[in-house]
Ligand SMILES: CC(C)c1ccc(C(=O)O)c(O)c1O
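What follows is a single chain, given as structure tokens, in the form predicted alone.
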């Protein structure tokens, strides 16, 4: 079994690197860690970067997870290859671009590009966002799935992910005590469905709601509160149609033996206990 330790970073292609950088700093509230040829790296916590925008096709999206030991990459590669998932070892130059010591790349059953990394770089410089959005860190990703049952089986049998709750057939998966680090949602094509950053308080969410609305950023869900994770949330649209989420107060599952996954309806009340209705395609299947 592949043991995922944490979600590490996302890489997003964009045809407007300057516009994406402006959004990530002035609206989303991230900090520029480094500008390189054709790429900009952004901090949201103590790591060197958790988001990279690069010049390219907006459909070119990668999510990376950290493993604890280098030999876990070799074990993961062997297991994935045996299951019919071709694996590519990253070159030294590619690893340097990702600010990691080593990594492998493959695709999940839907075709989402996934990377596993060892020793992602941490920064000696503290995160301090361009605007005070209250961000405490990069927390989770939503992934598109063309077959929820198949993809759930992949993540729970091939990796250490476990189902915390389901909304319809869409599983919310944890890899540690946090309610979920991966969420799978139905879609006809692969891709990152949304990117989540945790913020400190519900007040931060409401301040960002007003701030973003005043600047005509498209709101797609919330403010609201998830009945699954108990987190207060706000979803909004960023460059190239990517959906970003702020959330605060996510549930932690401290006692695995006592927790039982729960079933919620795949309708607005399954996504929000305050009555907000999502304007997100994957939440309205």
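This structure is a prediction, so every number in the text was calculated from the model and none was measured. Positions refer to the first chain, counted from 1.
There is another form of this protein, the form predicted in complex with this ligand, and it is not shown here; the text below is about that form.
For this ligand in the predicted complex, the listed stretch (153 to 161, 178 to 186, 116 to 124, 209 to 217) containing residues with heavy atoms inside 4.5 Å is 178 to 186.
Residue 77 falls outside the set of residues with a heavy atom inside 4.5 Å of this ligand in the predicted complex. Though the partner is left out of this view, residue 173 does not reach within 4.5 Å of this ligand in the predicted complex, counting heavy atoms only. Among residues of the shown chain, residue 226 is one whose heavy atoms approach this ligand to within 4.5 Å in the predicted complex. In the predicted complex, at least one heavy atom of residue 271 sits within 4.5 Å of this ligand.
Annotation: in the predicted complex, residues 197, 234 and 282 none come within 4.5 Å of this ligand through any heavy atom. The contact residue chosen from 104, 100, 167, 144 relative to this ligand in the predicted complex is 167, the criterion being a non-hydrogen atom within 4.5 angstroms. Contact annotation for 133 to 162: a single residue, 140, has a non-hydrogen atom within 4.5 angstroms of this ligand in the predicted complex.
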